[in-house]
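Shown next as structure tokens: one chain only, the form predicted on its own.
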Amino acid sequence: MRTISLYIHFPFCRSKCAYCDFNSVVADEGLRQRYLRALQDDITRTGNTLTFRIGEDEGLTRPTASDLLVTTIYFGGGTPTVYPAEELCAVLGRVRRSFPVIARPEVTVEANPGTVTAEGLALLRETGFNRLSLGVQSLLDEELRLLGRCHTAAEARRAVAEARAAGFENLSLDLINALPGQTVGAWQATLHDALHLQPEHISCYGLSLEKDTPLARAVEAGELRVPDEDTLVEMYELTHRLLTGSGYEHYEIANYALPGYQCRHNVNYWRNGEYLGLGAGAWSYLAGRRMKHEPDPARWVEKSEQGLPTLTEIEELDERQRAGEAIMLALRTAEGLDLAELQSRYHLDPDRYSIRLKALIESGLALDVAGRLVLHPVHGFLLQSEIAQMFM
């Protein structure tokens, strides 16, 4: 029996944020309901057979569902909570009926503070969702307006209070820094306000300006200016200092958790574990294969309703590629890379890295941990991509 994580994608939002290049769209109720029906059918079909097709003559029939045990379930988006809580609970029920799931899985739902109600949160918690990830992004209204968010700072605080009242004891807040015009002081204010809300988990992402988004176009036109490199480093160092000083473990480049509250679903990704993705644009990684579903929600629905394959890509990774991904992902985490495991799983001699590892430790970019390559949580994490390339 192999354990996997299950990701289910809900590609709809109430409105499109100014920075967003995710696989999400604003759609009418008709398409959203068709998607929901097709998604539930796909959950049943996949759970029963775990058979993927990219063409009429090509099938992937291994592993079978009986070989797998689901340990974490993640409803992501988009904004899953554009759907009423009753409909999300029905999807979770379909998952439980279609897949073998451990007795106490981590079940996460992403939410925008402007799309939740006290009653809906209570129903989600009662039905089995035990982790709530709120896309707060900022606790300053002027920054929320800049980002095009459909909620205010007050609504974010209200959503946190209502989640607590509903019984959520595992709450995560997503925050974004490096915004155009943002100062270190403004970022510090959001961090202090977030800490006052006492979440179990905080994700702090640097803004990525994606091509053809409204925010990127405004920066390219000179209407907005992003913080310089020194300011970005200062923000990162401040985040680490404030959050670790408040009892949070800096367990991944952008993620902090109180002890015992690491996101188990994401940890499985970073450990290069297997996962199954369902829905438009969702990715899977099973038996050394990476697979992607049709990203356009309307086309995904049409294919699914007609019984056509919804996969658009299947890539078979060789041992070298799997090793490279394992190195890259492990170096994002505080536990780092287990050199003996690297040798046993991918037949790579860790001695070949000894000179580079010694140099990283001497320069302060890595910690001196026997048998592991562990990056310094500030200086090393800031250069993670470059360091990973050295070992790939």
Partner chain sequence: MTDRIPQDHIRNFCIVAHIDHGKSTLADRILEATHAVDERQMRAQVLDSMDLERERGITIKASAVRLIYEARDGQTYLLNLIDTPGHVDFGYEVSRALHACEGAVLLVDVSQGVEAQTVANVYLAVNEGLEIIPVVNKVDLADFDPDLALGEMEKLFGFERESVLYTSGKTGAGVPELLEAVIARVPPPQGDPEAPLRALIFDSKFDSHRGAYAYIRVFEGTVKPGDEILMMANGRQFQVTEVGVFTPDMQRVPQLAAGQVGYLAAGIKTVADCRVGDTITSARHPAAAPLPGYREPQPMVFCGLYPSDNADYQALKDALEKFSLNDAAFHYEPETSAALGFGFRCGFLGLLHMEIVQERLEREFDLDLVATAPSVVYQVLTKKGELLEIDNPAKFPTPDVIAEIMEPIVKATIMTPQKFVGPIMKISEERRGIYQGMDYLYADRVQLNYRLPLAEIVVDYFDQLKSVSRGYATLDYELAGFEPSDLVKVDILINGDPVDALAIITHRQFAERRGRLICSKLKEAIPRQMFEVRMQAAIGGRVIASTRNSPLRKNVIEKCYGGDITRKRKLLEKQKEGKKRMKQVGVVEVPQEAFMSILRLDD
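Predicted model only: the values in this text are computed from it and were never measured. Positions refer to the first chain, counted from 1.
Not on display, but discussed next: the form predicted in complex with its partner chain.
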Mind checking whether each of 20, 79 and 170 has a heavy atom within 4.5 Å of its partner chain in the predicted complex?
no
Please pick, from 68, 365, 36, 43, the one residue with any non-hydrogen atom lying within 4.5 angstroms of its partner chain in the predicted complex.
365
Exactly one residue in 195, 189, 161, 317 has a non-hydrogen atom within 4.5 Å of its partner chain in the predicted complex; which is it?
317
Pick from 89-97, 161-169, 116-124, 267-275: which stretch has a heavy atom within 4.5 Å of its partner chain in the predicted complex?
267-275
Does residue 355 make contact with its partner chain in the predicted complex, using a 4.5 Å heavy atom cut-off?
yes
Is the gap between residue 138 and its partner chain in the predicted complex 4.5 Å or less for some heavy atom pair?
no
For residue 348, is any heavy atom within 4.5 Å of its partner chain in the predicted complex, or not?
no
Residue 337 versus its partner chain, in the predicted complex: is there a non-hydrogen atom within 4.5 Å?
no
Heavy atoms within 4.5 Å of its partner chain in the predicted complex is the criterion; list the residues of 196-212 that meet it.
203, 204, 205, 206
